[in-house]
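Below you'll find only one chain, the form predicted alone, shown as C-alpha cells.
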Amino acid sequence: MSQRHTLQVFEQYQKARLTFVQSVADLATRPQNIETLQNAGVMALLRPLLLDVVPSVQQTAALALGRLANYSDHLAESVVRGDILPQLVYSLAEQNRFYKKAAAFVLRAVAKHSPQLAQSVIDCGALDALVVCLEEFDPSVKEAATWALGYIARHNAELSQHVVDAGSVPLLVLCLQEPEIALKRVAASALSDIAKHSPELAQTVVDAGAIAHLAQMILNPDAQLKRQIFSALSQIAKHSVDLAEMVVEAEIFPAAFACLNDSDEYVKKNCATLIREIVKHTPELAQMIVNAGGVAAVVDYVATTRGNVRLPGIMMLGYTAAHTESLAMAVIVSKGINQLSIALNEETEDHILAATAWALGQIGRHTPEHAKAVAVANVLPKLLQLYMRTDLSEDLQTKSKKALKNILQKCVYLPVLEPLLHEASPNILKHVVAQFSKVLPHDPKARRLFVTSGGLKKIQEIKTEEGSPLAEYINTINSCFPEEVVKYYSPGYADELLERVDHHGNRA
C-alpha cells in the first residue's frame, strides 16, 4: 500500500507538470495573456522543464517558450538572458523528432525579431545543429529547421553568409525536391532570404542548382509555393545581368505570364516583380520579354490590379520603355499608356503615383511621336496638377516635374500643349512656350489656330525677364506674326484704342 501511495505522488507530480506546460502553451496563443504570464515568472518556471525526464513535458515546455518568444522581442531577449538557447541547441542533437521541431521553433521565434537576436542564436552554436536537422528523415523536422535558418538569413548579408558557411544551401535545394509542399515552401522562402542581400549570396544559391528546381514549380497549383518560387527567382535576378540571364535561360517564359492572372494577389505581384527585375537590366533582356508577349501580359495585369500589387507592373513598363525607342513603342502599341493614365487617375498613394509619372516620362522622352502618344492620353494636366500640389511628397512632385519636362521637350503636337499655357507654373511654362517657338515658324495652319484659340493673347500676358530663355521663346513666337496682330493681342491695347478714339473725337 505504501509503495503504491509513493508512486501515486510521483504520478500526480508528473501529471501536474504536463498540465502546467500544456496550459501555458495554450495561454501563450492569446496575446492578452502574455503580460500576465510574464509577470508570473513563466520563463524561469519553463526553463527546468526543458530538461524534464518526461519527453512530452520537454516538448510542450519548448513549444510554450517558442510561442512566448514569438510574441515580442522583449520576451525573446528573456529567452536569451535565461541561457535557454544552449540547452535547446544541445537537445537538437540528442532528442526525438518532436522535441527537435519544438526547439527549432524556439530558435526561429527568437531569431525573427532583430539581427542582434539572430546573432545570439548563431553564437550559441545553433547553425550547425539546424543544418544537421536538414538531413533528418522526418520532413517536419527539416521544415522547422528550414524556417529557423530562413529567419536568421533574412536580416542582413552578414547573418546570411553565416547560414551559407554552415553548409545549408545544398541541403535547402534538396528540400525543394522533397514531395511535401510545406517543406518546398519554406525551402524556397529560405533561399529567397539568402539570395536577396548581395550578388555573391545569390550566386551561391545559383551554384547549388536552385534555379532549375525553382523553375520546374512555377505552375504548381499551390499558391503559397508559387509566391515563394517567384520571390526567390526575383531575388536572384535583381542583382546583375548574368544572374537575370540565368533565370531567363531556365525557360520560364512565356509560361510564367499565366501567373499574372493568378487568383492569389501575392503570386501575381511576385510574378510581376520577377519580370520587372529582369527587364530593368538591359535592352536585350527587355526585348526578350517583349518578344515572348510580356508587355501585353503586364498591361493587362496593370488593368486588373490596384495599389501595391499594381506597382511592379507599372515599373516594368517604365523600365522597358526607358531602354530604347522601339521598346517604348512596344509599350505604346500594347496600349500601355492608356492603363498608366488610368492608374494616374485612380491611385491615391504618393509612391504609386510617382512610379506612374516616371513610367509615362520614360515612354514620352524618346521622339515627338512617343511624346504625342503620351500627351493625347490627357496625362499632362494631371502631371502638372501633381507637380503643383504642395500636400504631396517631394518625390512625387520631382518625378511629375521630370516626366512633364521629358514629354514636353519632345512634344510638337500643339493642341495638347495649349491648355498648359493657361495653367502651368513659370518653370514648366518655359518648356511649353519653347515647343510653340519650335513649331509655329514652320506651320502656317498652326499659327492661325494659335491666334483663334487665344494662345497668342496668352503669350502676350506672360511676364518675363529681359534676356531670359522664356523671353527669347516669346520673341520667336511673336516674330511669326504681323506686328499689328501681336499689338492687337497685347494687354492694354483695347484701352489704347479707346484713348485714340477720344483723341480723334477731340480733333474733330
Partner chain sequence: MAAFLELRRNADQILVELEHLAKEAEYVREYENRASVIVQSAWRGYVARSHIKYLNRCATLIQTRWRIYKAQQLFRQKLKEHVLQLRLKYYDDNAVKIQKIWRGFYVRKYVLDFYSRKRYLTGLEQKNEQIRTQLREYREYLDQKQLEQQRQANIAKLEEEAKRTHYLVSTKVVPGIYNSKYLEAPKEMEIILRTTKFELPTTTTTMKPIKSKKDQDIATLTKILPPLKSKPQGPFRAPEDVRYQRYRPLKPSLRCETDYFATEKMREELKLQEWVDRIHDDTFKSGLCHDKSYPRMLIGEEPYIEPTKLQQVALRQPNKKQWATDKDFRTLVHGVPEFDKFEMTYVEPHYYYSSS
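Residue numbers count along the first chain shown, from 1. The model shown is predicted, which means the values in this text are computed figures rather than measured ones.
Form predicted together with its partner chain: not shown, discussed below.
The partner is not drawn, yet in the predicted bound form one stretch among 236-244, 378-386, 153-161, 329-337 has residues with heavy atoms inside 4.5 Å of its partner chain: 329-337. None of F257, F105, Y319, W358 but one reaches within 4.5 angstroms of its partner chain in the predicted bound form through a heavy atom, and that residue is F257. Of the candidates A292, L75, L429, A354, A292 is the one whose heavy atoms come within 4.5 Å of its partner chain in the predicted bound form; the others do not.
Using a 4.5 angstroms threshold between heavy atoms, V299 counts as touching its partner chain in the predicted bound form. Although the partner is absent from this view, L174 stays clear of its partner chain in the predicted bound form, with no non-hydrogen atom inside 4.5 angstroms. Residue contact check for D207: none of its heavy atoms lie within 4.5 Å of its partner chain in the predicted bound form. Among residues of the shown chain, Y71 is not one whose heavy atoms approach its partner chain to within 4.5 Å in the predicted bound form. Along 258-279, a non-hydrogen atom within 4.5 Å of its partner chain in the predicted bound form is carried by A258, N261, D262, S263, in order along the sequence.
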